[in-house]
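In structure tokens, one chain follows: the form predicted on its own.
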Amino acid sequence: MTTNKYKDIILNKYADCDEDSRLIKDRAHNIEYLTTMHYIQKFLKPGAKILEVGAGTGRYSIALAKMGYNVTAVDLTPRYVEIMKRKSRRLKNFQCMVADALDLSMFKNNSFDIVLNLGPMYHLFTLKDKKQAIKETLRVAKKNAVCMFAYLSHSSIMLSYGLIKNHVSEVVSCVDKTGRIKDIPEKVFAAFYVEDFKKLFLQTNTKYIVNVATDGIAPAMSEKIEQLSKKDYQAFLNWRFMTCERLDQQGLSSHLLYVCKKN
């Protein structure tokens, strides 16, 4: 059985983190949720059987179950799984359990119509583990299933932790000569350049569909976004949906979404 050997670091990070409200606590964070859900729904078909790996407290999974889909959600954090169980008590088409993204052996090959990997890639610090998580996600997906992988950009860490929280020197001390932030488990988060993330799929049996900037620079502009009128906020969202696949949006996006189809 393959497991994330940095599990304790990850669990400690989320021990008292309010992940349940992260995606809805303000407009800027909600953009990530709305954009991601926009793409999930774009590829969903009636009766689809869905697996979410790294589901957190079920913000996406439970919403999808309420839409009538058959949803299974797994997460590494037992506390989050308990929250999901409480939130989904009345949903007969939803189940959740503790599981590691590196080992989904509780599921058979070719089991799901769509597989969402919306968190584990944030916390994998070796190339072997990154490829294993992708391999497991693809293994449990049916032929022609759409798989989605969320990941963080190097720029996001500089913007959110470096500039906004005034830790620029600390971030720079962790980069290589190309500006890539090194994989340091004690720093909790792993990041990618877009081209590096795409390379992880070169030897996989998949077809690339699209790469999406799910929030752009919204987290860095949260104060301005909160000040928008309801009309202007909706207009901004519409513009985000129109442009989030553009390369000039992806470079500075905090969160990105890689979408592919299993051949």
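Given the structure is predicted, the values throughout are model-derived calculations rather than measurements. When you see a residue number, it is the position in the sequence shown, counting from 1.
There is another form of this protein, the form predicted in complex with a small molecule, and it is not shown here; the text below is about that form.
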Subject >> All of 19, 80 and 100 within 4.5 Å of the small molecule in the predicted bound form, heavy atom check >> reply: yes
Subject >> One stretch from 135-143, 87-95, 153-161, 119-127 that, in the predicted bound form, holds residues within 4.5 Å of the small molecule by heavy atom >> reply: 119-127
**OP:** Find out whether any non-hydrogen atom of residue 56 is located within 4.5 angstroms of the small molecule in the predicted bound form, and reply yes or no.
**Re:** yes
Original post:
Though only this chain appears here, would residue 191 touch the small molecule in the predicted bound form if you measure heavy atom gaps against 4.5 Å?
Top reply: no
**OP:** May I ask you to check whether residue 114 falls inside a 4.5 Å heavy atom distance of the small molecule in the predicted bound form?
**Re:** no
Original post:
Does residue 76 reach the small molecule in the predicted bound form if we count a contact as any heavy atom within 4.5 Å?
Top reply: yes
